[in-house]
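Quick setup: one chain, the form predicted on its own, written in structure tokens, and binding and motion questions come after.
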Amino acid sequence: MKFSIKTQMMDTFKTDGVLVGAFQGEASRDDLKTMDKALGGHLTRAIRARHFEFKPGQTLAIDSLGRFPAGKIVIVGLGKRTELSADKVRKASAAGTSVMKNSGVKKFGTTLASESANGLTVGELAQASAEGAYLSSYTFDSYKSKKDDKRISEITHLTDKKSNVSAIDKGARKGKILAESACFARDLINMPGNMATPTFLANQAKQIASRYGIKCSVLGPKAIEKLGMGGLCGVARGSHEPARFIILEWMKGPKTKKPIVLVGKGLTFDTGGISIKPSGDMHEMKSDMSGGAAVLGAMRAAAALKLKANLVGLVPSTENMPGGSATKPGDVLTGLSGVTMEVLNTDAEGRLILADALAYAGRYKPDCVVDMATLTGACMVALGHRASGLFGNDEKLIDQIRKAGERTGERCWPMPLWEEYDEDIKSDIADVKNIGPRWGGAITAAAFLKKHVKGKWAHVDIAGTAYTNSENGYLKKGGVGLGVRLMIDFVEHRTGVYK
């Protein structure tokens, strides 16, 4: 999908379609009046009949029948101007783009970034618009004989002010890169487990490193064992697929600045191991590497955007299988941190491999560490599919991630992590056990991770938000690619490189 920009009014722009944003109470705006007149009062009649009420994301599709330069006109509601947000623009763009795509439109113009509103600049509006359009157009048909032939080839941002051109162009370019990187993560998540193995994930990391100038190292089983990563080795023991520990470094910030380390759970398929899962919907466990996919996508985006920041991405990757050599309930593993871990449930494996990655992150003496993982069903029980759980040991860091979630539409909600929860994971025979009591499972999982951390740290539990079985706005069925845009926004604001 190509994005371009023109200083031209929509009533003179000849194209397949035009997407127009409209606020509540502004039906008499000049551009809408011009359009309504050309269409013989169609918009006025739709408003009177309450077919279109300017609600956020609501669309009104009109065939101009040659009365307007654009063949298909789609008006999308933005709600009240004083309540506009980047995510409302993102969703409006997604809704309008979906209508265009389903109508067979290949090229269209949009006015969603033509003027600033409610504190949002035209650049921010263009970024949100591009993200919504690109993310909503995503299709995963790699394994289908018949491909989706409905594609949007080009979207042109229209503005009547030359002074807006540079900001809109920059915003649209950034939005495209972020959306492309999120869709890259979606592809990894949606791939079947027999294709997206730890080795495949490592090769994908090498490819993006080569393309974007990122330093990449991949450790195999012998190196992982030599380091003393007992958690990762223990989980990998039951699988014929060799484990991989992926290290990506983008050190383009000031040399005096400590790096931010992103850690992502890369469990490419999770059967539960000896503590095997029920068979229903087990196929979705190919998505258990969503955190790792998000880290790879975020590193790709950071490099493509040429962020002047120091960033490290770590992805411990393996399968969790019930093989003859698999770790058994009751076994004790020793992590890289030196902490001994009693494995009472082999399906609580994510925290075991993350423990080693978090300990490894300490070698960078980082500014902070943020991990993302599809870690607990308990987090889904607590927050559903609308928000990710957010834990940590530094209030400022937690608040920065929460605010990034609000800006990107990838919301996170802070959860408690008081010292009392440490009592719930004390083991009788080791330092810690890998599960706590039935209640508060998302919190005790975070408490387990905390044992392997040095310095400022936050944990984002994306178990309920990383994968969806229904389409909603710019979210498509399957992998969401959540965490890519969230982490880039967080890094930009944390390091001060956001502009």
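Keep in mind the model is a prediction, meaning the values are calculated, not measured. We number the residues from 1 along the sequence you see.
If you look for the form predicted together with a small molecule, you will not find it shown, but the lines that follow are about it.
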I need the one stretch from 199-207, 389-397, 423-431, 370-378 whose residues put non-hydrogen atoms within 4.5 angstroms of the small molecule in the predicted complex.
370-378
Contact check in the predicted complex: 85, 90 and 157 versus the small molecule, with a cutoff of 4.5 Å between any heavy atoms. Do all three pass?
no
Of the residues 152, 285, 247, 415, which one places a heavy atom within 4.5 Å of the small molecule in the predicted complex?
285
Contact with the small molecule in the predicted complex, heavy atom within 4.5 Å, among 449, 443, 458, 463 goes to 463
Can you work out whether residue 348 and the small molecule are in contact in the predicted complex, taking contact to mean some heavy atom pair no more than 4.5 Å apart?
yes
Does the small molecule get within 4.5 angstroms of any non-hydrogen atom of residue 277 in the predicted complex?
yes
In the predicted complex, does residue 270 come within 4.5 Å of the small molecule, counting heavy atoms only?
yes
Within a 4.5 Å heavy atom cut-off, is residue 265 in contact with the small molecule in the predicted complex?
yes
